[in-house]
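What follows is one chain in structure tokens, specifically the form predicted on its own.
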């Protein structure tokens, strides 16, 4: 039975053997294929600090969908991250359609009485009211921890209420206590889309997968460009530019895609991932049910990775020669433009923190700019990143530390004190530790800035150049602020709280 036939997707600990606890080095990770280099059992750390729930990345995707209401079925306060995420929704809608538009989200705000008596009746009433008030194309019913704990059947509620409303109802399971790998959220969102908005219909009679399903025609030069909620419109435009230069039509999916048009993804000739961590679950489903093949090897961040990504796409359409001409032209112009920055970057050491694939791809980009990578903290580890570790191990002159951690700022602070990098790249809300240590910081993604493709290389270089030329703000922070850790912790093994391991940091 396919995963998509289940009510909810399996957690990534089970499906991909993903893990969140490991302290090692880039060369060790590059050679770890076939070995159990991570721990993924409960209690993988004897002390843990500062993680997030998978409901946050799920809502970051769902709130972007036009003509959709997000109905959160959980406790009061759950999903409050949507208030800050709405900035991206407004900015993204303005960049795409010329006017800012708020996301629409509601909550059943379950209380103590609901926990005792059950919240299904309240959820039914909320769905009906959301449909009456907003008349959306779809209502996404997102389950948080509380209904999962008390046993509310949101799928059963959706089935009962669907005949009473005009909106299509999508159940999405985001019970945060079920997994420590928050990337499972992407699977949960895609699971709801696949089960509700992409009807399997009839396969081609020969079983060759050439027809998506009866009544819809295959689009032979159309590719699904899989975007992510951390990708702004400027990055989509850059990848569209490269793909259209190859003579291809582009269907950007799923962030900011209208639910009514999502069925177009089943007609494409190819799906192209921009982040394997984000896309693998859904691309497997598109190939299994609709015969849409996929590419899920490279993230187009940096010169080398963008070229590899483009070559892979071109090879599927017999456009290899055209791709080589594009790459040669783009790289020549880019390398000339980067020369002005290289004297400032030379000898500068950088530490990177992000989701695994983005962290590793960005590390390669920084090496191409002439910076020296001295450490990486990735939020989890799974099989899709093995090739990226090998790329970095092959390109680096020296070995350096890798911390697999679902945030864990106490480990990060220890490592930064030891390594003393000249620059730190991390999430916007995760740069505080480095900044308080006086280290210049730059956000590793921002939906208003360019990071991807050839343009992204130049724009990242330009921003880092300015940051390194004027680091005084962070230096002042380091002189006047302190982190809440004892001096003894900074001399301890940063990985000493990882169970069954007594490793040492580089």
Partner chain sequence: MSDNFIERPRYVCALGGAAATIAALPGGIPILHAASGCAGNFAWAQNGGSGLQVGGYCGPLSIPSSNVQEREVVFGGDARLREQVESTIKVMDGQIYAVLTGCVTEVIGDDIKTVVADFRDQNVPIIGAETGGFKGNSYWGYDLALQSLFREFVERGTAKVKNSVNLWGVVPSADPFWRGNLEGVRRLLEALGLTVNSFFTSEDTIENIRKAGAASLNIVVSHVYGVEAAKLFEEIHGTPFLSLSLPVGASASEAFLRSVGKALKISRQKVNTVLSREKQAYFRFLEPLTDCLNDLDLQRYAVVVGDANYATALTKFLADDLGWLPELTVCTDPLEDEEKDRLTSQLNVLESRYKTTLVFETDGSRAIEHLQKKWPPAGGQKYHNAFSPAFVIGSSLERELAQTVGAPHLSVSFPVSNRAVLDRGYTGFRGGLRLTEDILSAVVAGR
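Predicted model only: the values in this text are computed from it and were never measured. Residue numbers count along the first chain shown, from 1.
Absent from the display: the form predicted together with its partner chain. The rest refers to it.
Contact annotation: its partner chain lies within 4.5 Å of heavy atoms from the stretch 122-130 in the model of the complex, the single such stretch among 153-161, 309-317, 296-304, 122-130. Under a 4.5 angstroms non-hydrogen atom cutoff, its partner chain in the model of the complex has residue 52 among its neighbouring residues. Shown alone here, residue 410 lies within 4.5 Å of its partner chain in the model of the complex, counting heavy atoms only. By the criterion of a heavy atom within 4.5 Å, residue 394 is excluded from the residues contacting its partner chain in the model of the complex. Put simply, residue 48 is close to its partner chain in the model of the complex: some heavy atom of it is within 4.5 Å.
Taken together, the three residues 75, 86 and 429 all come within 4.5 Å of its partner chain in the model of the complex, as judged by their closest heavy atom. In summary, among the residues 274, 108, 378, 224, the only one with a non-hydrogen atom within 4.5 Å of its partner chain in the model of the complex is 108. Checked against its partner chain in the model of the complex, the residues 80, 220, 387, 284 give one hit for a heavy atom within 4.5 Å, which is 80. Within 4.5 angstroms of its partner chain in the model of the complex, the stretch 135-160 places a non-hydrogen atom from each of 145, 146, 149, 150, taken in sequence order.
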